[in-house]
Ligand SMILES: Cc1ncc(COP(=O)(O)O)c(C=O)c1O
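This document starts with one chain, in the form predicted on its own, laid out as C-alpha cells.
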Amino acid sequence: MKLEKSLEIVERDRRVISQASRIAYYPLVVDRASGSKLWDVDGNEYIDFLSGAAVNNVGHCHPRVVEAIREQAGRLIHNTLGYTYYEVAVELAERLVKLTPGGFRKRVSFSLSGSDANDGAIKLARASTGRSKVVSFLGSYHGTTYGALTLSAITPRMRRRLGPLLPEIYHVPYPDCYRCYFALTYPECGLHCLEHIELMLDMVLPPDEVAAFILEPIQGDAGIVIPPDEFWPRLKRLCEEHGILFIDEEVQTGFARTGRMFAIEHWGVDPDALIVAKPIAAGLPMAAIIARAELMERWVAPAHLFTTEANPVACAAALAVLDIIEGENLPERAERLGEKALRRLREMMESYELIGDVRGRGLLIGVDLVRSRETREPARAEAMKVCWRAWERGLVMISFGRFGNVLRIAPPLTITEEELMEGLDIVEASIRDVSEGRVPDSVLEKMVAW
C-alpha cells in the first residue's frame, strides 16, 4: 500500500488542526469518493462501511445531489432565513412534516448539526412545557455542544475538564439486553429497566417537573443497542400519563438507515418531536427538529436561530436526498441488504469465538467482539486491530460502543450487493488474522480510537 502523500498530509494536519476533533484509526487521507467507494491521495481504493459516520446514506456524490447543489449555487447560496424567506426551505419543511411519524400538525426548526439540534430539543421541551428536567439514557451519544454533551453519557472523555455542564439533565439505564446494567436476563427481568424509570419518577424526579425524555430509538455509538419490542411503547404511555414529551433522536438512525424511514417506526410510536441531521443533506451542514406545532408555537425568536440555518444549497441537497430515498426505495433496499449482511455475519460468528454478538436493523449493524463469550469481556484492542487490518485490505470501518469493541458496519444504502459481500469478505479475513495473532500489538500505537 502506497502512503507517502497520505503520511505527509497527516503530519501537516497534526501541526495545525486541533486534535480534540480527531479520532483517527489509520492514516486515511480521502481525495475523492463515488457511490460506496473512496480513494485516498495516494490512489488506494476502499469500500466504505462508514459512510462518513452514517451521513452518506445515498452514496458519495450522488449525481442528483451534485446537480441540485450546482443548480442552487448558481441562483442563491445564502440569505439568512432569520430575516427573509425563500421557497426551498419551505419546500423542505413541508416534505419533512409529511414524512415524519404522526398525523398531527407539525412545524420544523432548522439548525446546522445533530449537536445543536439536540440543544434545540432541550430548549423546546423546557419552553413548551414550563418544566426544567430532561431525561436521557446511559450509553447515549447526542453530540458535543453543551446541551448535547450533557445529554450524552457514553464516555467521561467527552466531559473531562469541560464542566459545569447543563443543570437538570438526568440519565437512566438504556435497555441493553446483551450487557444489562442490572446484570439481569430478558424477558425474565420483567423489563426491570422500565421499572427503574418508574421508580425514579416515584422517588427522585417529580413527574410534573420532567419536560422530556430524549432518546435514540436504537443506540448507535453505544454499539447498535436495540431495545425489546415493548420498551418504547410502554415508555411512550408512561410519558403520556405524566405530560412528558417523547423526543426521538434520529440523527444516526434516520432516512432509511434501519430499513424504515425513521427507526422509531419499527415500534409504531409517534414521537412528540423528532431530531434529524447527518444524512439529511448528503454531507452539507443541515439538521432539523420536527415537532408538534403547538410545542413550536410556545417559544419565540431568537430562541433557536442560526445565521446559516437552512442554507439554500443545503436545502436543495436535502430535497434531492429525499427524492433519491423515495425514488430508489432505499428503506426496502436497506432492509433487504441488511438481512443478507446479518445472516453472513452470524455465519461468521459460528466460526470465530471472537464474535460475541451480531445485532442490527437494516444497514446499521454492530459486531460485538469479546475475549470470552461466557463473560462477554469486551475485546477493544482486538476490534481496533480488525479495523486496521481491514483498512490495509481496502475497507473503511471503525469500532465503537460503550467499550470500544463493536465493529461499526454502516455502508451507503446504495451499495451493490457485490460490494457489500466483498466488504464482508474483508471483515472475515481481518477477524481471522486477528484471531490467529497475525496483527501485531504495535499497530495499536498508531491508532487514536474511541
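Numbering starts at 1 and runs along the sequence shown. Note that the structure is a prediction, hence the values are computed from the model and not measured.
Below: the form predicted together with the named molecule, not depicted.
When contacts are judged by a 4.5 Å heavy atom cut-off, residue 109 does not count as touching the named molecule in the model of the complex. Put simply, residue 251 is close to the named molecule in the model of the complex: some heavy atom of it is within 4.5 Å. In the model of the complex, the named molecule stays beyond 4.5 Å of every heavy atom belonging to residue 257. Put simply, residue 246 is far from the named molecule in the model of the complex: not one heavy atom of it is within 4.5 Å. Using a 4.5 Å cut-off to the named molecule in the model of the complex, each of 118, 221 and 278 places a heavy atom inside that distance. With the partner removed from view, the residue among 129, 308, 72, 113 that has a non-hydrogen atom within 4.5 Å of the named molecule in the model of the complex turns out to be 113.
Proximity to the named molecule in the model of the complex, defined as a heavy atom within 4.5 Å, singles out one entry of 175, 139, 143, 356, which is 143. Screening 189 to 197, 233 to 241, 213 to 221, 78 to 86 for residues having heavy atoms within 4.5 Å of the named molecule in the model of the complex returns a single hit, 213 to 221.
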